[in-house]
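In structure tokens, the next block holds one chain alone, the form predicted alone.
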């Protein structure tokens, strides 16, 4: 590392290009523009793109006509920045590569993906490559990629010796791979009796959109429209705990809360009404979620949290629920003010992930997702200036502290005989909206832009 600091590197501009990427959703062609990107310019571009026609992802009924005759329309826009994974253990790997075989040892999430790459670049058959997994000091999607493994392997082969590669924190934060930058505008049309008659979501991002068009509330509204758009970027992005869902849930569930208030309904009751409609008379045929299971976690968290009980009056309570990765999660968060700052003191969680094999580990997984979600909702954000991240260590990229974690995270699982499904990712997305909805109860002001601590300080300073 000391030797590397003495290097004087001269960089040359790239030219615009196209590449075929073999990713989570198959092969896709991506445009890589030739520019040094800055967050301020990116925000301006996103605002411009949001006004343009977008790709239609799903359409039920005649939403245009429904909005045209609506007695009232609620429209809100939400944004979220790039996020760094910031695993406590930076990327690292051991490699011992010879002409005959390779031994690699370290923390990684998807060894089946990296082996063909290693076989190709090392010119070794797969049966001559041994990969041993170690425990991970955090993964969150970043360790599904193998750049640090191939780097270690190539260095070992060149050095003709066993080596251990360790990224510095600055390496880890400035190399990517980041959670994309997102925005979404939600619109709801109400008739004269405040009944929901149409729903429209238009979401975009850099360099992908966040929208899951066939998820709730699709299937629960007669007239529904989902659209998406994206802006090409040369900033490297990739899987970040519950990809796309982590923003989509934050925006959607915040909007549903505000919509419920406009309609004069309890936020849990409103969601249950929509799910009842999706169960009894669903709209469309491609709805991804099971309305009964979705309603089940809402009912369970309402019961376990004592949702409307007067004994909880001292707390500002927020609720949110979401379906992703084949599981269902709902949270109620209780916020108080602590030294002038918002503090999530308690969380009640209800999860339907099928049969729970290891209850302690499952509860730990949910608790970790809750703390991770609270931290990212309040503090997470990465800013680029002329292609360079302005945050390259924890002195500039704010993470949640031990003292800021909830005193209590009460986890409950729906009991059923359904085959086990995902649990590493599903509890994470709805945390963001539950926090935003609780902050509204505390301040009387809605929160639309992550990280929320910035909006909190702006809103509370003005009051």
Partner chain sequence: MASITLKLNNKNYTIEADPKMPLLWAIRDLAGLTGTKYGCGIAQCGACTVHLEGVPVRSCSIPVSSAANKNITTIEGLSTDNSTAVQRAWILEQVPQCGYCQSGQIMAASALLKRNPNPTDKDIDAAMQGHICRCGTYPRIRKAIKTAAQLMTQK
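Residue numbers count along the first chain shown, from 1. All figures in this text were calculated on a predicted structure; none of them were measured in a lab.
What comes next is about the form predicted in complex with its partner chain, which is not displayed.
Interface membership of residue 365, defined by any non-hydrogen atom within 4.5 Å of its partner chain in the model of the complex, is confirmed. In the model of the complex, residue 404 approaches its partner chain with a heavy atom inside 4.5 Å. In the model of the complex, residue 168 approaches its partner chain with a heavy atom inside 4.5 Å. In the model of the complex, residue 273 stays away from its partner chain, with no heavy atom inside 4.5 Å. Stretch 368-376 is the answer when you ask which of 368-376, 290-298, 118-126, 325-333 has residues with heavy atoms within 4.5 Å of its partner chain in the model of the complex. A single residue from the set 71, 133, 161, 88 has any heavy atom within 4.5 angstroms of its partner chain in the model of the complex; that residue is 88.
Proximity to its partner chain in the model of the complex, defined as a heavy atom within 4.5 Å, holds among 216, 145, 140, 93 only for 140. For the candidate spot formed by 150, 177 and 181, no residue has a non-hydrogen atom within 4.5 angstroms of its partner chain in the model of the complex.
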